[in-house]
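Here you get one chain, nothing else, as structure tokens; it is the form predicted on its own.
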Amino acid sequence: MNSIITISRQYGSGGRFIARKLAEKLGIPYYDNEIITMAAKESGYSEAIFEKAEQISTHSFLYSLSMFGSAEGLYGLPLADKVYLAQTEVIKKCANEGPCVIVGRCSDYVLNEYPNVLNFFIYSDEEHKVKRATQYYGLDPKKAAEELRKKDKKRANYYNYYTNQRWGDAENYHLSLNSDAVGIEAAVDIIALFVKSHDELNNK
């Protein structure tokens, strides 16, 4: 197996669980919050800045001041762009080391010139997303649906801005999968089979 796998997902869709289980099943490295830690270490910025990357308005001078309390990033590239580029370098470094699973952070676009990349998008219906978000992320059940929409909107805006593509569009991915249609475990098996079939086809 030589594929680099990226997993993009709606908030609460179970995409992160699928990505982690997939990496375990395939016996390859898994990168999610690890990218934040690595990018923070290499760039000198705090992990908090990377954790809020999707919330940073790339056009907002006032946001940069209110969030980070300094003028850093106001000279040269905006801070949001510096954060994006730092993550991009880490994502490429992880991919260069060999097969792995990378979660989100525009990784499908960042690695679009890599011939061995397979991109997947995980989505879900609102009822199941709310259930997961309240069970695993502690969201208030009464506010969860609205919070999910806000998180996905921020995620989409971030992706659309940096990639000039539309987040969630099927043509950006090799496979889009409804995690509720088959369940988490079966979703892992489906993606693993897809990866295996792709590798076998391209190694003939």
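From a predicted model like this one, the values you see are computed outputs, not experimental measurements. In case it trips you up, residue 1 is the first one in the sequence shown, and so on.
In what follows, reference is made to the form predicted together with another copy of the chain, a form of this protein that is not presented.
Asks: Looking in the model of the complex, is another copy of the chain within 4.5 Å of a heavy atom from each of 94, 103 and 116?
Replies: No: no residue has a heavy atom within 4.5 Å of the partner.
Asks: If you check 157, 178, 163, 33 against another copy of the chain in the model of the complex, which one has a heavy atom within 4.5 Å?
Replies: Only one listed residue qualifies here, and that residue is 178.
Asks: With the partner left out of view, is residue 140 within 4.5 angstroms of another copy of the chain in the model of the complex by any non-hydrogen atom?
Replies: Residue 140 lies outside the contact set for another copy of the chain.
Asks: Would you classify residue 189 as touching another copy of the chain in the model of the complex, given a 4.5 Å non-hydrogen atom cut-off?
Replies: Yes, residue 189 is a contact residue.
Asks: Against another copy of the chain in the model of the complex, would residue 84 count as a contact residue? Criterion: heavy atoms within 4.5 Å.
Replies: No, residue 84 stays farther than 4.5 Å from another copy of the chain in the model of the complex.
Asks: When the contact criterion is heavy atoms within 4.5 Å, does residue 109 count as touching another copy of the chain in the model of the complex?
Replies: Heavy-atom contact with another copy of the chain at 4.5 Å: absent for residue 109.
Asks: If you apply a 4.5 angstroms heavy atom cut-off, which residues in 159 to 183 are near another copy of the chain in the model of the complex?
Replies: Residues within 4.5 Å: 166, 168, 169, 170, 171, 173, 174, 175, 176, 177, 178, 180, 181, 182, 183.
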